[in-house]
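Take a look at this one chain, the form predicted on its own, written out in structure tokens.
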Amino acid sequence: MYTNGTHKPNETQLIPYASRLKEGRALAQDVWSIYNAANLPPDCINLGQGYMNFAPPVWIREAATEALKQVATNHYSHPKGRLRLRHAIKDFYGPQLGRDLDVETEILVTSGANEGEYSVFVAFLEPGDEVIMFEPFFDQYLASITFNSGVPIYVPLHPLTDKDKPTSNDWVIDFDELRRRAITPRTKMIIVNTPHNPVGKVFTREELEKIADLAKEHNLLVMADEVYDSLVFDGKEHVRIATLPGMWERTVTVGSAGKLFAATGWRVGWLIGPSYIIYPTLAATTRIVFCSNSPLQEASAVGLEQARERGFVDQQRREYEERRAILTEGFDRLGMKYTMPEGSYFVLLDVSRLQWPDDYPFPQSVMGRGRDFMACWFIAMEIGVSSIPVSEFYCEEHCIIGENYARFAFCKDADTLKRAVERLQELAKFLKN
């Protein structure tokens, strides 16, 4: 099989593969295959990929164990999702959305947030429909759009590089660019990812109101990717665009048990929206996966049911703020500039001052890519800490914006982050003044 550049197709291949694989970068050697553990030093500390190195809370794991002991939870769930989980989603998110959610028509459980988003694209995109996404973008968006005959339209967030201590709020939208250059008669959807991966930006109410006005003016469907909604720091307000005037009717909100409960391998997500969006999306997801993981849906329901009384979300937020501080204080000791994230669990480190020998033996896989690809490779090989180059999450036209940044994930335990920070101090001897 030919995946991510690890194997080349047979030159005598009789049946050509679909062009959508190339358009969606599915055949390209991507960052996940280049910065794979198999290619890096065996003791390299992985701060690249955004998965946790700690388990979900004990009480949620116990709920999963209990679900596995039951008969019903080991068999197909309803394609809409297990009823207990839909009720738990209603009770947890309904107050936040200011709505009495209908568990039959306004909630859909999916096999992870990504499959839910894919199903929305299947349900709503016609060939040539355009989908706007802000760069840097979560890389799955591109393939999901193009696989469904959509056309991605890229609108970059612009970093204010003159700030000494920039935050994720200093990555701004040029609304004139959004209105005049991105929106066309073919625009069908706009993706709003807040808190944002990889910038950590928490979109402000004012920004969301401007996006909402454009969505209403041009009759756009809004995909609100809010999988990091429980990780908002520094007292910032997470505004759900679906709560703004006139926006419930045109918004599908995406959530994730994996992100909320540190259970990314469970692949349980959900969509919330008006019935006219959920109904065709249900039809799509039924034909894609039929239904999602039953026992872990049940455990996710227990998680949502008990999260408030256990003070889980607030406690988790405090723990992530502590993890963020370990990493950023390490960058401060180095005197390196970074974007302080106000949400999610990523920090963008400015690697523009990093300098390596002219004859450094970079592999062919990073040659010809952005400067950040070489910076991330150098850090991994010489320092023993892996990260992800941010230019990967841009279109070719705009990738130069991302070439000064490496993404470091702090969804790791404190000891791992402290070890990584001590290693990273060795970067000092490779920094230009």
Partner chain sequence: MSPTSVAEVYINDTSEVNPTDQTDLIPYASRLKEGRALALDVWSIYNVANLPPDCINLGQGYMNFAPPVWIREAAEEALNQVGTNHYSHPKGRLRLRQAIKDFYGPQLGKDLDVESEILITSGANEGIYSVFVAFLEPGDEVIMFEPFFDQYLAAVTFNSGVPVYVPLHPQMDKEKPTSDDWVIDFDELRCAITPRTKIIIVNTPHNPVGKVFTREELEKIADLAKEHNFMVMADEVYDSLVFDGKEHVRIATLPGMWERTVTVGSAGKLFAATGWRIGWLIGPSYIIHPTLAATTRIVFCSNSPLQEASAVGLEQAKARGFVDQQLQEYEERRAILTEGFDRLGMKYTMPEGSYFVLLNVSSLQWPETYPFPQSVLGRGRDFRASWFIAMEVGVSSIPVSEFYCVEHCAIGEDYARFAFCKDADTLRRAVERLQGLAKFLKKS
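Residue numbers count along the first chain shown, from 1. On a predicted model such as this, the values are computed, not experimentally measured, just so you know.
If you look for the form predicted together with its partner chain, you will not find it shown, but the lines that follow are about it.
Shown here without its partner, the chain carries 64, 68 and 220, all of which come within 4.5 Å of its partner chain in the predicted bound form through at least one heavy atom.
For the options 339, 193, 253, 144, the one in contact with its partner chain in the predicted bound form, meaning a heavy atom within 4.5 Å, is 144.
Residue-level contacts in the predicted bound form: of 280, 363, 95, 335, one residue has a heavy atom within 4.5 Å of its partner chain, and it is 280. Using a 4.5 angstroms limit between non-hydrogen atoms, residue 292 touches its partner chain in the predicted bound form.
Contact between residue 370 and its partner chain in the predicted bound form is not found at the 4.5 Å heavy atom cutoff. Using a 4.5 angstroms limit between non-hydrogen atoms, residue 287 touches its partner chain in the predicted bound form. In the predicted bound form, at least one heavy atom of residue 276 sits within 4.5 Å of a heavy atom of its partner chain. This chain is displayed without its partner chain, yet in the predicted bound form the stretch 112-120 from 352-360, 112-120, 301-309, 234-242 comes within 4.5 Å of it by heavy atoms. Along 179-206, one residue reaches a heavy atom to within 4.5 Å of its partner chain in the predicted bound form: 188.
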